[in-house]
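Presented as structure tokens, the chain that follows is alone, the form predicted on its own.
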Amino acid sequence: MITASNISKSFGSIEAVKDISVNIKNGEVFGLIGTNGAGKSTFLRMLSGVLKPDSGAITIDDKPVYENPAAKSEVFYISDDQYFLPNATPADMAKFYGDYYAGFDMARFYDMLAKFSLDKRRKINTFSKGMKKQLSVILGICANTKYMLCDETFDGLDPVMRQAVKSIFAGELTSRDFTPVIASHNLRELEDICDCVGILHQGGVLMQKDLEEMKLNIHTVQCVFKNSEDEKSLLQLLNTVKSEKRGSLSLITARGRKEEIMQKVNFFEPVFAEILPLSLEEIFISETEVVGYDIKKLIF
């Protein structure tokens, strides 16, 4: 498990990360979202041991990560601006990482390289942005580390390659002890793969939620009531997050189990009522609006 306890990091007068506490469980896909400048990259660099927090502590499996080779050997970090050795080829980078990571699977690396149609002898500085991202993912997977930290990994990949990378992650999760942490500014990229998501806003964690639990505990119902008094009574009865009117149609977002919400709605015998499926974006917007944050600008 990765544990970050009250960590902060400043660069001069700029406070990049402030008092963040996060627990990332083994075997889950943890998504970290936030706009550019929210502190995602700084946070991941501290998790990987590249940067030392000004305050607070980070441990990986109860071991401090900064200047600790034993902890770092369990982490592979893919930065947003990937670094490759000057004039290196994919084969050169495989040898480089193979010397550091004892479990690096060289045979699998060349097999995956061929499947992604990447030339092992071609200079990486001639690769496109998407090709470099693909190479980084292949190197990370073949390093066989327990933890993989990905900073905007899907940025620059076409839709087919995004799905391919997600499929690879899913395969690793079922076949070995693997915990990816994926930072992105786009929640849509994380919705179908993450188990838990944290929102980073202005250097701090706004919220950390288990996705399945969130989906089970907040719903939107659209309905038409016989009269306005029934609607007012229902809003008081429900744990209402927000409500809006579209002509005669009422849209009510409320916390609670679907069955419980519909039982209360049907008590008033509406003309029409049904539960609408909520996207992850809509769930986060509803959750964060309640505490006064305009989360829309973070995820669209």
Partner chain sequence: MTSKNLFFKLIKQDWKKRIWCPIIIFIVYFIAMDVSLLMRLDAMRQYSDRYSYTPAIFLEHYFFGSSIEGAIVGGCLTAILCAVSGFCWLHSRTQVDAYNSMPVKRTVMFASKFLSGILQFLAPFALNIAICLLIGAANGIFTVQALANAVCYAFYTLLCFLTVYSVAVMAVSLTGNIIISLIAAGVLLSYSVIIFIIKESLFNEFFMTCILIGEQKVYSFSPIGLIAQLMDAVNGARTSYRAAEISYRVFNYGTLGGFVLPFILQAAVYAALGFALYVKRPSEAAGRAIAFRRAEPVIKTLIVIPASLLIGLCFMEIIEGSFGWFVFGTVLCFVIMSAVMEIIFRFDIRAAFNNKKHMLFNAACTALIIIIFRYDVLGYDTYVPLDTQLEGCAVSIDGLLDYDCRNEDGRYTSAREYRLKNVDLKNNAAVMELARKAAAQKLQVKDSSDFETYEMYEEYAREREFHSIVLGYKLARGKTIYRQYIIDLNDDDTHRLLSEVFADEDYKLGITPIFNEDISKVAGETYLSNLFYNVELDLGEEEKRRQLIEAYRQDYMQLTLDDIMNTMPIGRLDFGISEENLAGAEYSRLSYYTDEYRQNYPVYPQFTNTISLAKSYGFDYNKELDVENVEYIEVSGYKYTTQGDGADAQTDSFTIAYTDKEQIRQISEALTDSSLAHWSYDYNSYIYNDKCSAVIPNYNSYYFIKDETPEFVMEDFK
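Please read these numbers as outputs of a predicted model, since none were measured by experiment. Residue numbers count along the first chain shown, from 1.
A second form of this protein, the form predicted in complex with its partner chain, is not displayed here; the remarks below concern that form.
In the predicted bound form, residue 269 stays away from its partner chain, with no heavy atom inside 4.5 Å.
Although the partner is absent here, residue 114 sits far enough away that none of its heavy atoms falls within 4.5 Å of its partner chain in the predicted bound form. Residue 185 falls outside the set of residues with a heavy atom inside 4.5 Å of its partner chain in the predicted bound form.
Although the partner is absent here, residue 208 sits far enough away that none of its heavy atoms falls within 4.5 Å of its partner chain in the predicted bound form. Annotated contact segment (heavy atom within 4.5 Å of its partner chain in the predicted bound form): 74-82, selected among 212-220, 106-114, 174-182, 74-82.
Although the partner is absent from the chain shown here, none of 90, 119 and 133 has a heavy atom within 4.5 Å of its partner chain in the predicted bound form. Residue in contact with its partner chain in the predicted bound form (any heavy atom within 4.5 Å), chosen from 146, 123, 95, 162: 95. The single contact residue among 101, 154, 225, 169, judged by any heavy atom lying within 4.5 Å of its partner chain in the predicted bound form, is 101. Shown here without its partner chain, the chain has 9, 11 in 9-28 lying with a heavy atom within 4.5 Å of that partner in the predicted bound form.
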